[in-house]
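This document opens with one chain alone, in structure tokens, the form predicted alone.
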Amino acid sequence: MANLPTPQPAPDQAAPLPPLARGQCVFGNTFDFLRDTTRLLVNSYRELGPVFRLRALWLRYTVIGGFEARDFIRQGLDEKYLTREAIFAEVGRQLGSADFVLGQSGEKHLRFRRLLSIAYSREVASAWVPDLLEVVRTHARNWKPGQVIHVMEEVQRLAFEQYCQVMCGRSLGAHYRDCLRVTDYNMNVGGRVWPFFMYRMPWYRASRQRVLDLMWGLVQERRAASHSHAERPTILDTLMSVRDDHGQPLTDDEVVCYSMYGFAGSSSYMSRVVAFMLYELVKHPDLLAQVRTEVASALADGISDASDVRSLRLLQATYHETLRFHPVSQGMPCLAAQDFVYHGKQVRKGDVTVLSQVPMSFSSCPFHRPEQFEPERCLEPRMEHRKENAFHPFGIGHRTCTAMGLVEQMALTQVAALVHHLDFELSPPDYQLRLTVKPLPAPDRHFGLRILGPRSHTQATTAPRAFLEEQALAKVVGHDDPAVLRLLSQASPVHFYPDEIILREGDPSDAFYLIARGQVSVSRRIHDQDSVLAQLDAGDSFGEIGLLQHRTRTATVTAGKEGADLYQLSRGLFEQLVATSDLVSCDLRRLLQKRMASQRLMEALPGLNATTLQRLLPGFLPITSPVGTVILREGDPADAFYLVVSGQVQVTRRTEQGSDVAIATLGTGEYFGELGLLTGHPRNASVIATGDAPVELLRTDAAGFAQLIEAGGGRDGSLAMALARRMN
């Protein structure tokens, strides 16, 4: 289906209207719409083709669905034939006097998307991960054993509180009811379920004014508090500091509008995803047990940022499969700006036209058994949600939600905290999922959980090693994304001489840096004296906070006594990676470390070219060894080859007297373990993680090492010869 040719729209008065989905005489598709919108869309697409009509309540919809909707947007036909302004202009006015992104098109729409992608990025939310977890812990402590909670009601409140933490750094619980009412009205009017006159209701108008006053007060408060000096910038701080390509900031009207808009994303979208996840977990006890084991292991090590959250691979797979199996976003409503024909069906000017991605999620290509809930499909080696460009849970192309990384981070932390801290069961025990649509589908109010009590964590908290190793490569986010790798290839290597100033306190923030070799010191002017704040080593990075907030540098960074080699990523590249690929600075650091390590390996092994290394690197698993860990032990069988990505290891050998003597220290870009694999002999030395920080390694087993040798010309090739010379 994905490869079918897509005809171009063209005026043709002879073309028939799209077929009308079967429904009841008076009510049309109303009851199917309210019972299960997803099933209505999927069945209609399969029976009637990619363009069809629905009739629900007093509304008439023309739907362009599935892969054909994706292609429609890809070709820019939405900009040519559709408009969203008439639908969303009134919704935008409820959020203030700013232009509202959902109603925009063309350059104005793209400008807002770029700015919002940075403000709502995973990078901004990353520093707030501990707070997101604590919000849930604090709320859950109030639930008593035996209490039945109404899931949608509770997760909606939690989603609101989590968003407030990232948005402004504190709870706005006293304003929850007003914010929820404004969100409900905007969602239902924007979804064309309620008529526009609902905005005239006095209780709504009072709530709206109170929320506007609240947001204006927050903006003025942050202005007065010099938000640009925040060490942990919030969404509000970032909205106030981002600049477009012409250096223009958002106005305060726009800051208020888009801060308020986040209430809809959290209370409406995210809460539904969390509720569906909890339903599937409680209905699949084995899956719940595995997720709890994974979360317990991660929390034991500490979850402090977005990279740690992303390491919850099984929970993340459950999240993706939930979005596929229970799509919350049903499509993008528009108005036809003129008559056009698509796939042989005529769409008339003024028709409410919905571009729906939902049928793609239930395609048998690439989704094996799409009617089954299977999180395994989103894990290696299947990764079905990355194939055929068929998975679009947050919209399609340039209409994809800019906050999808933020939503994912809040949803994963909420579910992780709930399953870790609480034991619960389904209530009622025989409950089967029933939906309510207002206007998005959600579990109905009868879906409850009975709290059994706080969980005991005396049991083992280590996830199965086989699972961790299988998923390890995915921790390096973006490692297989060609667009990400292409952007990272533009990082510039720069050298600084001993004691040379790399960046100076008070200068504009213009780049993100990774230390490839050497050391740098970070200092700040305090009471007319320079005070050293930190020493950074190879593998460390700096500069991201100033870039996010468009503020001047808050510290001076100076190269060490032996100079420093850095990778420099310009502001434009950094913002593009954060906004379009939704990476965080720790992801960029790991990817640059991997690039640096691979380049060092090529330097050390001249028989290995970049193309070959790029093909073989996915066979290397990233592992982290805390300081003091014995990575290799003298006398053990040789079973793996290692490359140091960051940190330091010490090589020791035992003397005849029984003492260990250090014979070498290896750092970033160096490698070890090849001798035993080449000779077939046991390890002739031990290797121990040393230094001040955990060592990041890339590891490949004997089979992977054999592929490496083969790629270098075999046992008699240049790579094997280079390794042999190193041994001698």
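All residue numbers refer to positions in the sequence shown, first residue = 1. Since the model is a prediction, treat every value here as computed from it, not as a measurement.
Beyond the structure shown, there is the form predicted in complex with a small molecule, which is absent from this document and is the topic of what follows.
- None of 315, 255, 407, 124 but one reaches within 4.5 angstroms of the small molecule in the model of the complex through a heavy atom, and that residue is 407.
- Exactly one listed residue, out of 152, 101, 133, 491, brings a non-hydrogen atom to within 4.5 Å of the small molecule in the model of the complex: 101.
- For the marked spot (513, 539 and 668), a heavy atom within 4.5 Å of the small molecule in the model of the complex is absent from each of the three residues.
- Taking non-hydrogen atoms only, residue 414 never approaches the small molecule to within 4.5 angstroms in the model of the complex.
- Mapping the unseen interface onto this chain, residue 261 counts among the residues with a heavy atom inside 4.5 Å of the small molecule in the model of the complex.
- Among heavy atoms of residue 163, some come within 4.5 Å of the small molecule in the model of the complex.
- Contact annotation for residue 273: at least one heavy atom lies within 4.5 Å of the small molecule in the model of the complex.
- Here the chain stands by itself, but in the model of the complex one stretch of 518-526, 550-558, 627-635, 108-116, 108-116, has heavy atoms within 4.5 Å of the small molecule.
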